[in-house]
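Take a look at this single chain, the form predicted on its own, given in structure tokens.
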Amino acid sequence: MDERFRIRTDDLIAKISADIEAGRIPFCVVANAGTVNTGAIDPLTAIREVADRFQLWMHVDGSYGAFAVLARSARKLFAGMEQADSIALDPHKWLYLPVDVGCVIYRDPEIARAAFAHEAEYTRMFGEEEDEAFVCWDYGPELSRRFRALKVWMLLKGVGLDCLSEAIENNLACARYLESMVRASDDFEMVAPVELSIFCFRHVPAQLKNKSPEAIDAFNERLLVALQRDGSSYLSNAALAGRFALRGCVLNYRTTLGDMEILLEDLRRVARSIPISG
């Protein structure tokens, strides 16, 4: 990865070449359109070029981040995503829908149909129109399933893309605001740059400034547990470049800039009750 936690295409080429020289047959490269740890977006156009060079399937994991393409301020970050052979999406994340609504979109669905279609008589569909004969189980491993798509359809019809775009834009603004407050403070530091709505940072009060990296990690681990038990704000964690980081992800359309201020206030308040060691 590079300093922004994105795939380095030179390293990707080297690894593919090494596999080929070792007699292995690479078949797929997976790029991220918003990683879970930091929200990093890989250089999608460049990765498409690498995939074409080696005749690889290019899959984009957009489960968390891809829907941010709806936000005007982030749209350019996703250039090249439309060239993927397949994209994974989780509407239960950034379309604000209930858990377990996920999907894969194929650039050429007939390739997926050739892999997954059932030929049993009991799965054969009849229809005079093409849409009537379409069945989901011909394009993935699941046969029986719930009507998950209904939730997505109702959201799009009832709320619309403009409203979703505004909500996602507001989520992005919250993360950027948190980052600006952290960089302006003397007791917090960013561990990764904010790309979308994920922010990774840590608390380094004055008493910890001259302590070892391990002591700062240990303090922030204790701080995370204490914050979760406190109950006012909630964060998770990430390990980045060998360091422990507090991780937040804004995925609620009700979240405001004021909530970001409360988060830092909560961290400072809870941190005062934690002994510093190391």
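None of these values were measured; they are calculated from a predicted model. The first residue of the sequence shown is number 1, and the count goes up from there.
This next part talks about the form predicted in complex with a small molecule, which is not shown.
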| item | value |
| --- | --- |
| Touches the small molecule in the model of the complex: residue 138 (any heavy atom, 4.5 Å) | no |
| Residue contact check: residue 63 to the small molecule in the model of the complex, 4.5 Å heavy atom | yes |
| Close approach of residue 187 to the small molecule in the model of the complex, 4.5 Å, heavy atom | no |
| Contact flag, residue 32 vs the small molecule in the model of the complex, heavy atom cut 4.5 Å | yes |
| Contact stretch among 88-96, 130-138, 188-196, 169-177 - heavy atom within 4.5 Å of the small molecule in the model of the complex | 88-96 |
| The single option of 50, 238, 36, 70 touching the small molecule in the model of the complex, heavy atom within 4.5 Å | 36 |
